[in-house]
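Given next, in structure tokens, is a single chain: the form predicted alone.
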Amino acid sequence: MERPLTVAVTGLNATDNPGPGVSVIRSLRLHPDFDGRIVGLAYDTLDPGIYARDLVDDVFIIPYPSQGPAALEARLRHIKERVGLDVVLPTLDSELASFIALEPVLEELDVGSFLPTHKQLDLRSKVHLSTFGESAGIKVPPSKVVSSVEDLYRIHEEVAYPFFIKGVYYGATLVRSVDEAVRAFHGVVARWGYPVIVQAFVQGDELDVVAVGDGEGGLVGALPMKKTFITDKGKGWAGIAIKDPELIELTRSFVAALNWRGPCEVEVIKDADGAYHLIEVNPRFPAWTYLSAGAGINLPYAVVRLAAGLPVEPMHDYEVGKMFVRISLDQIADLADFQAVTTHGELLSQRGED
């Protein structure tokens, strides 16, 4: 018999620009074989996922990634002692480097994870995506790394307008003139620092794939989706699971080229001629991951099993036509819970307090 697992999940922000954590947790809760505990790891006391008491059993505030791996290690040791942990599943780009650096510590604590290596993380980054695409035979829009405003006055010689200004972690602003480019550049630097990436705009349909690589070049499973409604922040607010063998093969090529380990989101533009252009690879689950569970290919549950050293069979079949439509709602919480999180940095279920 497999014992119930205690799984920690980050990314509990669930606003109009949601983190993936709530979607990942809902996927785990949906699986009929998951009867473990969920520990939410949050960065802000007002992250809505903290107060979704039907989803999380215990919640802990953890230090921001800028504080470094040592601060995170101390907090994880405390959490392990307090409630026990079997698996940790980070879901945000900016925190992955710290969690990867702490893999020896996690192993010492007997906490499983299923993460890419630092090298894999670097090779699929926006900075190196063009080089990777060329080596892997995958089309990537022309792009250029810029480190100063002066670069923008000559960038049109290499990348024609319109193009995107992107941060190293998040954010993409479409610009059509040098003035717009300079403004977007300053915005990205102020929020995420350097470098800044310029990427050519490709007209076409935006398609995404949520996938999991087994770390040996194989694909555990993948679900392709077409966005049917996009917010002013460029986030998918609705989407539909589609059948697209060529898109699955592109994803398989990415996973095989890097021996990718863990979850990822592959973002692609399909142009009017039917060609696919890889525009980004996010090294974690996306905020729409719950669609995979709803379509019958529960990738978060697969990652939890892999992190725990349990067998997982490749998943190929899913229900085409399943849709997600995101909603906003008012979540009711108790002031006492907010005070506990603010004062003590943790909120435990009754079972966790015993």
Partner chain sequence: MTRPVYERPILIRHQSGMMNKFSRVQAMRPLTHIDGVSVDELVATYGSPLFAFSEKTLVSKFRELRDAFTQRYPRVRIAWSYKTNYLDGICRVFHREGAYAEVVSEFELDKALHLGVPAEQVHFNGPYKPESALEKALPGGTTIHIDHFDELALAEEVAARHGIRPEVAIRLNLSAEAVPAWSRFGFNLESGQALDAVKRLVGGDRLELKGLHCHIGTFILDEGPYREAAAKISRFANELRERFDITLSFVDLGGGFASPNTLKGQYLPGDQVAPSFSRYAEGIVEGLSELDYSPQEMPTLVLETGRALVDEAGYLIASVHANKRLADGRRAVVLDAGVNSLFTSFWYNHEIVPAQEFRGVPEPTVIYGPLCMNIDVVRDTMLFPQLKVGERVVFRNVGAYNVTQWMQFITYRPSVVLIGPDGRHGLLRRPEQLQSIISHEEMPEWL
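Numbering follows the first chain given and starts at 1. Everything quoted here is computed from the prediction, not taken from an experiment.
Absent from the display: the form predicted together with its partner chain. The rest refers to it.
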The listed residue (180, 122, 205, 107) that reaches within 4.5 Å of its partner chain in the model of the complex by any heavy atom is 122
Sole residue of 160, 256, 97, 238 within 4.5 Å of its partner chain in the model of the complex, by heavy atom | 97
Does the trio 4, 80 and 86 actually contact its partner chain in the model of the complex, every residue with a heavy atom within 4.5 Å?
-> no
Is residue 66 a contact residue for its partner chain in the model of the complex, using a 4.5 Å heavy atom cut-off?
-> yes
If you check in the model of the complex, is residue 252 within 4.5 Å of its partner chain, heavy atoms only?
-> no
Could you tell me if residue 61 has a non-hydrogen atom within 4.5 Å of its partner chain in the model of the complex?
-> yes
Using 4.5 Å between non-hydrogen atoms, is residue 128 touching its partner chain in the model of the complex?
-> yes
In the model of the complex, which of the stretches 282 to 290, 296 to 304, 39 to 47, 23 to 31 has residues with heavy atoms within 4.5 Å of its partner chain?
-> 39 to 47
Residues from 314 to 338 in contact with its partner chain (non-hydrogen atom within 4.5 Å) in the model of the complex = 338
